[in-house]
Ligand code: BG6
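Next up is one chain by itself, shown in structure tokens, the form predicted alone.
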Amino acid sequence: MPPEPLHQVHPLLEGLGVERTAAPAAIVIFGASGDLTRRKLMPALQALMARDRLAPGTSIVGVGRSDLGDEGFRSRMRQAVEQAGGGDVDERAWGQLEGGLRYVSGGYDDAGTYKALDEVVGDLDRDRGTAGNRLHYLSTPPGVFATVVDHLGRVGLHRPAAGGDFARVVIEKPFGHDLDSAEALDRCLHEVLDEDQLYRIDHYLGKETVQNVLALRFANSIFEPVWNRSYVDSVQITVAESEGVGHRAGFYEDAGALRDIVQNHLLQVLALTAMEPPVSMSPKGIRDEKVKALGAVDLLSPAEVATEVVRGQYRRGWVSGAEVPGYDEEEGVAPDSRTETYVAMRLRIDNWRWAGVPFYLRTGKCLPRRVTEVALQFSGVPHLPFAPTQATQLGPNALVLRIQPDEGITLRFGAKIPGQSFDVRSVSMDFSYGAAFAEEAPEAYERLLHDALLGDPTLFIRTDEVQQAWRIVQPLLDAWSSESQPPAGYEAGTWGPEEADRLLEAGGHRWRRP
């Protein structure tokens, strides 16, 4: 018998990483005239079509307030694809997508917008063979999430059309502004949608190197036995950005680093690092363990927020040889703003595996480098037989997972320095993704859009996971709302305020300098 085509994978291969072609669908992007659609979503969809991961009839409907029309939308999306490809366009893939590009102009609170949308996707079912399947992507301000979903329910677009298999909704972060608003939004969405229809996206989870945390831990017998309190002295998770807020000052004044990075990106990486081995690599197995890990994080008391958390705000300085203004000098920022652009914190995970191991988390803007990494520092040997003078250059063993931009893994260990004397120092053994694999890793949004079309929720965030993350950061929000002390200042181009260094020094540690 001839082999089955990739879009008809044998059931035994489901979940084993076999790449499949998604079923035809109408992909509706709310906020289609915005920056995310141009920079990420459209290039990702073009790449998927070029790799034959989308069915030929797949169609894209943009919804927005701008009066673009079909031709204007096609022209803008063509420019987006050209810019992403450096001027190169896979014309075969573009030709398959171009015929299915439609645009609906209107307000998100206008019932007429959704009536027009319903007619357009119905036409696509008939003319393009989208088969009644729907994937709605909410790339809108978070304040209209509930409004959009409510209107989808009113016209029946929250369910597949006759003969269709699915209707799903992808929601961008931030999911709520605090714990109460996240729970209220969740209740509104569940009045219209079932939980298995909701795909809360965090693009960090689409990064190959974030997913490789699971592979490193659970595919290698040399790492998992020492991945615990018996051998690990401390863990550092860093998400550093070298840029300032730029044109996002309006958003950032309301969000700050805690809501923008800590509540989602940092805590997602923490969950993958700290979770127990799942029974299987099924979506439920992985997400259950992530929720358990976040649920084991000790919530900080108001007094502990003052001692275990540092918030900072960048001042005028130099980054990569260029002078940058301070945060309070950025356009759209109040001169007396107390919004944090830097957060460092020490968390405890109260379970058998991690009891007593401090987890140090930090994120900041206008730092020296753009870098995301997880570093496990191991405990020292119980007895060092060398004279102190022979080990002056010997530091702790460490395993560093470099998530971006230089994706890879570094293992730091002690080795003898060549020569007559017996001196030892720390050396590094490096693994680089770029050097080891010829395959080009898909962009995060490419992977996540494909998973959403396939109905694979593994890399999306479940409602209880959102709530656990907000429970961790809510004590900080509460403490800062009543605090008159401004954030600690730090010069742009440095690794943060001195208070963050003292946070680690109190526990006998130091921040890594990536």
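Quick caveat: nothing in here was measured; it's all calculated off a predicted structure. Numbers for residues come from their place in the sequence shown, where the first is 1.
Here the subject shifts to the form predicted in complex with 6-O-phosphono-beta-D-glucopyranose, a form of this protein not shown in this document.
The partner is not drawn, yet in the predicted complex one stretch among 113 to 121, 340 to 348, 317 to 325, 363 to 371 has residues with heavy atoms inside 4.5 Å of 6-O-phosphono-beta-D-glucopyranose: 363 to 371. Here the marked residues 218, 281 and 284 all miss 6-O-phosphono-beta-D-glucopyranose in the predicted complex; none has a heavy atom within 4.5 angstroms. 207 is the sole member of 402, 207, 168, 200 with a non-hydrogen atom lying within 4.5 angstroms of 6-O-phosphono-beta-D-glucopyranose in the predicted complex. In summary, among the residues 186, 407, 260, 330, the only one with a non-hydrogen atom within 4.5 Å of 6-O-phosphono-beta-D-glucopyranose in the predicted complex is 260.
Using a 4.5 angstroms threshold between heavy atoms, residue 74 stays clear of 6-O-phosphono-beta-D-glucopyranose in the predicted complex. The closest heavy atom approach of residue 292 to 6-O-phosphono-beta-D-glucopyranose in the predicted complex falls outside 4.5 Å. Residue 276 falls outside the set of residues with a heavy atom inside 4.5 Å of 6-O-phosphono-beta-D-glucopyranose in the predicted complex.
Under a 4.5 angstroms non-hydrogen atom cutoff, 6-O-phosphono-beta-D-glucopyranose in the predicted complex has residue 265 among its neighbouring residues. Shown here without 6-O-phosphono-beta-D-glucopyranose, the chain has no residue in 478 to 492 lying with a heavy atom within 4.5 Å of that partner in the predicted complex.
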